[in-house]
Ligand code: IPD
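Only one chain comes next, encoded as structure tokens, the form predicted alone.
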């Protein structure tokens, strides 16, 4: 696999998928519930995942695919090439606001993150890159954010964790200058890698964090489980992305 060629190819895929999603908003959505009334899936989630699965199957026939809507493979091993897809991250926002959602795609090889893509669809901003090429926003190189402490910045957090004080989440939040809740993991990752927030805490499935993890680590940020351990790409994790200073403080408080 030639990295630059893959980046160009996948960038084209993501931009085409985003264009299709924007067009879809001109028509009524078909909305279904998954686990409950706030856990939604639409015909556009499924259409977008199908689009990526078809592209990957055609161009990388030996690869495995993990997608939120289950249209790829049943993945039980990280061996080989693994593509992880979140066709619409922030589906509730997509349905109710028609903004504040992302398309996310990541490539891992033998469990190591190679390339990540987070596309903020309605703003037409694509954050992408990997460990061999650096990180970019719409082709402009990004710098590592400042290593800011917990007291000096804003924090993004899962609303359920905050309201129910999961693992001392409220104590962590009270140490910061304020809490921000977007309802979209991709947007939260963008805020952290841009240095607008010093951390993000949530309970995330692999497709929620796979792309953001690659981008964040390449920019010198910390990603881990909230127990301090490495995250598991095959299951849900209590997940942290933060500056080094903030991560140290959060992990000392989280219980």
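This one's a predicted model, so the numbers in the text were calculated from it and none came from an experiment. Residue numbers count along the first chain shown, from 1.
If you look for the form predicted in complex with the named molecule, you will not find it shown, but the lines that follow are about it.
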Checklist entry - Does residue 203 reach the named molecule in the model of the complex if we count a contact as any heavy atom within 4.5 Å? => result yes
Checklist entry - With the cut-off set at 4.5 Å between non-hydrogen atoms, does residue 148 touch the named molecule in the model of the complex? => result no
Checklist entry - Would residue 129 show up as a contact with the named molecule in the model of the complex if we use heavy atoms at 4.5 Å? => result no
Checklist entry - Is there a heavy atom of residue 113 no more than 4.5 Å from a heavy atom of the named molecule in the model of the complex? => result no
Checklist entry - Since the chain is shown here on its own, which stretch among 148-156, 132-140, 178-186, 164-172 would lie within 4.5 Å of the named molecule in the model of the complex, judged by heavy atoms? => result 178-186
Item to check | Position in contact with the named molecule when the complex is considered in the model of the complex, options 88, 107, 118, 121, heavy atoms within 4.5 Å | outcome: 88
